[in-house]
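Given next, in structure tokens, is a single chain: the form predicted on its own.
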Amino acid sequence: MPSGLITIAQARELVLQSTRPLAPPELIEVDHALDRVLAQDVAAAGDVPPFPCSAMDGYAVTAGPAGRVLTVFGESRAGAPSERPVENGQATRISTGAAIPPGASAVIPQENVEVRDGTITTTAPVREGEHVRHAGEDIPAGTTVLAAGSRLRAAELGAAVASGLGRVLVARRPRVQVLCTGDELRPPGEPLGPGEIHNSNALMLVALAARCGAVAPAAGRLPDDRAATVEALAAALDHADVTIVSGGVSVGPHDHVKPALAQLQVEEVFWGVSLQPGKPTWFGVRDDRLVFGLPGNPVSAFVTFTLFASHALAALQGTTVAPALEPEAILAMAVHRHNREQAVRVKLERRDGAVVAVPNGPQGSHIITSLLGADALALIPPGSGEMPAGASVALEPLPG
């Protein structure tokens, strides 16, 4: 275990060193695979498209000059192809996506013909292969379409189905248990007594875990009691791949989480990150189970989940956190620096072709409104004085 505060990069590396993809993977119907992570490459079972087809509504013909008069025989529709060969002097009515009939080598759009008494007169020349989508033009059979580790969004699901797949092998979803500490916490909407607050971290952290592909039931609450803390943590360690505790990892007389974890033989990997907000972040392991002790302030909990827990959840599924759309941005205004690295919540704007990071209001660890509308975290290096406006800063993407 490192002594003293460690950097964000060091803490994340220690988390990833302790994380292995969950086994075994699951074979599921593609209909249920939204947001799952592929456990193996997806290759096309056949050509896409599977046959030569029309890119236009019009007529399947042979190539030739404008001014031809062609006799129309039959129709080729999507799902109902025409099997009658097209010869010189003939045409077949065809719809977009329909199979090209035998003998035809091109399609003339309907706006380029004059229709009269069962014939068409072409008003434009037709080149060989014009407006024809060839078999395998999009994806040849056997081509790797999606790589293992890809998250299946809408486009990826469409590509998988087009490639002929009905089922996909995906990583198992991590099971996450969120536990929030404190006698002062009350459920959403419940009236508050003296010194009480609503438990905003519970729903927020469960939602973040779900955004990262985890299965996360409702959060539990840990009272300020050692025996109850041990009991709840033991239950979480029995069934969850990742336990996330909000609050209780400091050294006050009512902070029971660290001694409870030690009693349950959870090995401390690190405690304390040179980070603002999020300094008292704790991370430990027991066998293949991961435990994160996040600060209790809501912004600190959000930031440390983003920087550390989200990366662990991705690694458990055999993938990585998608990089920010823009890896760096230009600071819109000067930011006071501290002796710790700062994770500043920012909105991103494009000004004169540059991506500009605008701090999203006051940045206190208790100000949850700094998260509203934020696009990323801007990582401000430690130091003295100010990080000036116009300086380049690295960006960290937010979950989901």
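Quantities reported herein were computed from a predicted structural model and do not represent experimental measurements. The numbering used is simple: start at 1 and walk along the sequence shown.
What comes next is about the form predicted in complex with a small molecule, which is not displayed.
Engineer: Pick from 298, 284, 101, 174: which residue has any heavy atom within 4.5 angstroms of the small molecule in the predicted bound form?
Structural biologist: The option sitting close enough to the partner is 298.
Engineer: Sort through 185, 307, 314, 157 and report the residue having a heavy atom within 4.5 Å of the small molecule in the predicted bound form.
Structural biologist: That would be 185.
Engineer: With the cut-off set at 4.5 Å between non-hydrogen atoms, does residue 197 touch the small molecule in the predicted bound form?
Structural biologist: Contact check for residue 197: yes, within 4.5 Å of the small molecule in the predicted bound form.
Engineer: Indicate whether residue 277 is a 4.5 Å heavy atom neighbour of the small molecule in the predicted bound form.
Structural biologist: No, residue 277 sits far enough from the small molecule in the predicted bound form that none of its heavy atoms falls within 4.5 Å.
Engineer: Can any non-hydrogen atom of residue 248 be found within 4.5 angstroms of the small molecule in the predicted bound form?
Structural biologist: Contact with the small molecule, yes.
Engineer: Quick one: is residue 180 in contact with the small molecule in the predicted bound form, heavy atoms, 4.5 Å cut-off?
Structural biologist: Answer yes; at least one heavy atom of residue 180 falls within 4.5 Å of the small molecule in the predicted bound form.
Engineer: Counting only non-hydrogen atoms, choose the one of 199 to 207, 262 to 270, 134 to 142, 158 to 166 that falls within 4.5 Å of the small molecule in the predicted bound form.
Structural biologist: Heavy atoms within 4.5 Å of the small molecule in the predicted bound form occur in 199 to 207.
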